[in-house]
Every structure is written in structure tokens, then in C-alpha cells.
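Have a look below at one chain only, the form predicted alone, in C-alpha cells format.
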């Protein structure tokens, strides 16, 4: 689900086990006209139920919670059919947590110690369908993907068709499949097929890896 109605606020469900943090986020969002806290949950199970009931545009999800952790909650949200944006919100700047979250399908990864104004800016970008990552983590992500990529040959841009290159550039810009489809005037299903093919050709495991590689190689220019 990518937002197309910009006249109404983007609705957010916050799932985090720290009451003080939830209150702080609520107070921050109260100051914004285009972002609205639709609900909050202190435990993953309640968060899953509220996601089904409220169908928010975005879920802001803590990574480290007792019981069901953030990655398991993310997967459970997708399994129950939630199609909105899921952004991890955490204190962890560890490489393995960042990569695990993005490979599990997170649409973003934001650190809790970020500046409030920057957080609001990133949430707005996420509501528009873009991938968001705390700026301090982008270099870490690039290095992590470079070191963890075990493949027989380096990705070769020349193996892609012209359409696949166009889609790769949009992936590098952080666009979702729906936004890419709209921009290129093709169906979302066609975009998904092209993404699958280009990942296979480039020997990459996810759209995030493809996006980071494209930026590194200057393909996004």
C-alpha cells in the first residue's frame, strides 16, 4: 500500500515496549499536520491486532522487544496481509541487525537517537513510498553488503536490458514497485518481474542490495 492521497495525514502505528518513548513520539507527531499517530502498542501481539484493525499507512516498529522481536513481528505483519510501510525504529546500529531487517522486508531503518526534525523528514519520505535509512548507517550498509556478498562473479550492468536498467535506477532512488510502475507507465506486476530478473542477473539477494550496488557504481546517475 503506497499513499496516493496527500490531502489526509499519513497514519502511523507505533509498536514499542518503552512507554516514555511512545509518549515522546506521540508528542512529536502532534505537531505535524501531515503525520498522525493512529495507535500505539507496548507489545507485538497487540500491535499485530491493531495493524489489522486500523490498517495504518505505516508501522514504526521497535527491533528489540521481549518475547517476539521486531524481525519476527515484521514477518508476522506481512503474513497477516499488512501491505503498508514498515520502518524499524531502534537503538541498534549493529551491521547484522540492519542487514537482517532490510533482508526481511523492512522499508526503512531509523535510529532512536536521531534529531526529531530529521525523524519527521524521514517519516514523510517513508509515507511517500521511499526507503529510509538513518544517514549515519548508509556507509555501514554499503560495507556490510560488500563484505557479505558471496558470489562467483561481480554484478555486471551490461547483463541488464534497457528496461531493467531503468528500474534499477528507480530502485536506487528508493522508489517502491508501485511508484516505479506509475513513473514508467507499466503495471506493478511487470515491475516485480523485472526486479526478479535483474536480481538474478546481478547475483544479488534483495532490492536493497541492488539499490546500494547501483549507487556505488553510479548507475543511479
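Residue numbers count along the first chain shown, from 1. So that the term is clear: the rigid core is the largest set of C-alpha atoms that superpose within 1.5 Å between two forms. For clarity, every value in this text was computed on a predicted model and none was experimentally measured.
FYI, the form predicted in complex with the DNA isn't displayed, but the following is about it.
Proximity of 161, 194 and 206 to the DNA in the model of the complex is complete: all three residues have a non-hydrogen atom within 4.5 angstroms.
Judged by heavy atoms within 4.5 Å of the DNA in the model of the complex, the contact stretch among the candidates 186-194, 29-37, 57-65, 43-51 is 186-194. In the model of the complex, the DNA sits within 4.5 Å of a heavy atom of residue 178. Contact annotation for residue 199: at least one heavy atom lies within 4.5 Å of the DNA in the model of the complex.
Once both forms are overlaid on the rigid core, the distance between the two CA positions of residue 211 between the shown form and the other one is 2 angstroms or more.
After superposition on the rigid core, the Cα atom of residue 13 is displaced by less than 2 Å between the shown form and the other one.
Figure legend: C-alpha atoms of residue 202 and residue 79, shown here, are separated by at least 3 angstroms less in the model of the complex.
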